[in-house]
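Subsequent text provides structure tokens for two forms of one protein chain, presented individually as structure 1 and structure 2.
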Structure 1
Amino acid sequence: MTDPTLSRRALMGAAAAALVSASPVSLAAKSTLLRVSTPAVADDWHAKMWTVLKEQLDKQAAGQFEVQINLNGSLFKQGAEAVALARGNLELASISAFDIAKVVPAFSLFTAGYMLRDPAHLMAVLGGPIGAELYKEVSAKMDITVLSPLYLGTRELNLRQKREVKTPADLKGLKLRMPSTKEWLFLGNALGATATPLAFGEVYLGLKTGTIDAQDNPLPTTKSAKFYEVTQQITLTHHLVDSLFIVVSNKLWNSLDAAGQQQLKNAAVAAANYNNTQRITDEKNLLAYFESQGMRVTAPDVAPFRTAVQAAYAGSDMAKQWPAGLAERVAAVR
């Protein structure tokens, strides 16, 4: 006859052993996977900021999140992230105003020239009440939540050959490379140049051979892509203060409790602040670097460019999609 005491002890021992063996699995199951997709290369601040986000989560929510950072478009190609996020195939990414404007036309205002004055104005507008209002529409239409805006850089003209550039008329006939979307091409033509679509990977050779006469990018990109090797002049038109947005899939966001949402948002804001600080410092220092490479740096009065560009947008179909009074509200933010 079996001793009931021994049976109870055996059952308790087996249960304890099962609990111990199951503990690592159950703990792992509590960790929320956050896959990050970015086209940025490793030495770009837009890549390094994701490490800041990861470190912040590790510090503030130890063991709760597993952040996997995928650089160089290795997980999803640039432009494909928004769809992947909406479908729940991706948790985190940084997407542009141009990406959002395809679905939420009001965002095309932030792709227009001379709408934002500088990085501080960008963050005040997109990190304030105006941004909060627009992000509700983004969430409803794109199934993603904006965690934080961030500064991509101020776009300047980079010319293959030296040229006096004081007004838009001085750019007439200049083949200015722009990304191949209607919004980008519109901006290039509004500046007075002949906007020429060309893939980013072909810009260096295009400048070298004369297929294009100029390109526009933030100064850190001009350096990292080595465009200064095949150009002679930087002209500071400051025509677009460009932004990105750290976004999360609504599927993931809605699965988090209030504490988890706040931890993720705080980490995103910390990552954006890190990026902004580093990028602004870079832009201040790079002019001296370009001059040391033998380049000419010119700083024309931007008023004629601003007037021409804003007039072009005012009469465009693009501006008809902007909510009434939005441009004026943006301009009024200080």
Structure 2
Amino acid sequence: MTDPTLSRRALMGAAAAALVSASPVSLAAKSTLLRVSTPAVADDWHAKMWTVLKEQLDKQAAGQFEVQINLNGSLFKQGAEAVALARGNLELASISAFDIAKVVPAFSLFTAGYMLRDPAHLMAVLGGPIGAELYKEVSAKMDITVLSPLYLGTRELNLRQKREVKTPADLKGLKLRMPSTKEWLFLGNALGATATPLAFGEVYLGLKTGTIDAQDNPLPTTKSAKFYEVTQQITLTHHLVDSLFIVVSNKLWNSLDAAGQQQLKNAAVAAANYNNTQRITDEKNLLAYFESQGMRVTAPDVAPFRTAVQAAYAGSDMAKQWPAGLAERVAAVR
């Protein structure tokens, strides 16, 4: 006959053993926090792509990462992400060529109007050997690693009031909102307008109240940030095929083993691909939507804009800092 006391003891012992053997597992399972900061609004594709990254990591590396997504510049304001990453206060962000150009001047080449031709060209240049070369300097100087470039969209003019716009001269005196760095302002002025600095989060109100006359963004952003509600015209200048870069702080990157790095990189590439596909589709369909909302869409000949903008860059201090032959190598990429 079995002694009931003994079997109870045996049971308790087994339970304790199970607990002991369970604890190292749960300790080891402590996940790595990945804080994301973006100025993007929830409805924009480069906000939604972070959920793709999160889901991809949950699938590939269950329990290993905790992705915390902060939208609308709620964690760090637009343009402050690179410094936060370098200081270890942030792990992931999508920053622009304009942000990188402040530290790595070669990147101002990708802020120049009419330099990249289309999304495929952008991805071939920035996702190929030219990108890879430049990202080494980004890592060394900014303490961040580029995981993937992405297509933010082609920037178009969006005017508060209807206006004939055929050449840069027609933009004279127009207060065109641009983000607040000198490279952005240069682009706005090169188009013929009066570039006026304003943070992304203030653009809607600026258009509504008339402190600015126009803004430029890719069509999907003009839709998701609802700028079409407070403007009357879209003018298709196609002046910048714009990029962003999904980046991770080197502090976090270097703390991962090779498998963790690969999982994070795969998830970033999946997020970028998702963004690119959705955005390119949207760009094809949105003009009809804007017209249905009563907006005027105009498509001037872009040649006079291209000529003026390219001449402005060619004579600029920025162009003097572009590595010799880089612009030609970029143009030669098919």
Ligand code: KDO
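None of these values were measured; they are calculated from a predicted model. All residue numbers here follow the sequence of structure 1, with the first residue given the number 1. Here, rigid core means the biggest group of C-alpha atoms that superpose within 1.5 Å across both forms.
Trainee: Name the structure that matches the description of the form predicted alone.
Mentor: Structure 1.
Trainee: Any CA movement of 2 Å or more for Phe305 between structures 1 and 2, core superposed?
Mentor: Passes the 2 Å threshold, so yes.
Trainee: Note yes or no: does the Cα of Gly294 move by 2 Å or more between structures 1 and 2 after the core is superposed?
Mentor: Yes, its C-alpha moves 2 Å or more.
Trainee: For Lys166, decide whether the Cα shift between structures 1 and 2 is 2 Å or greater, given a superposition on the rigid core.
Mentor: Yes, shifts by 2 Å or more.
Trainee: What Cα shift, in Å, does Ser224 show between structures 1 and 2 once the core is superposed?
Mentor: Shift of Ser224 at C-alpha, rigid core superposed: 3.2 Å.
Trainee: Rigid core superposed, Gly201 Cα shift between structures 1 and 2 in Å?
Mentor: So the C-alpha of this residue moves 5.4 Å.
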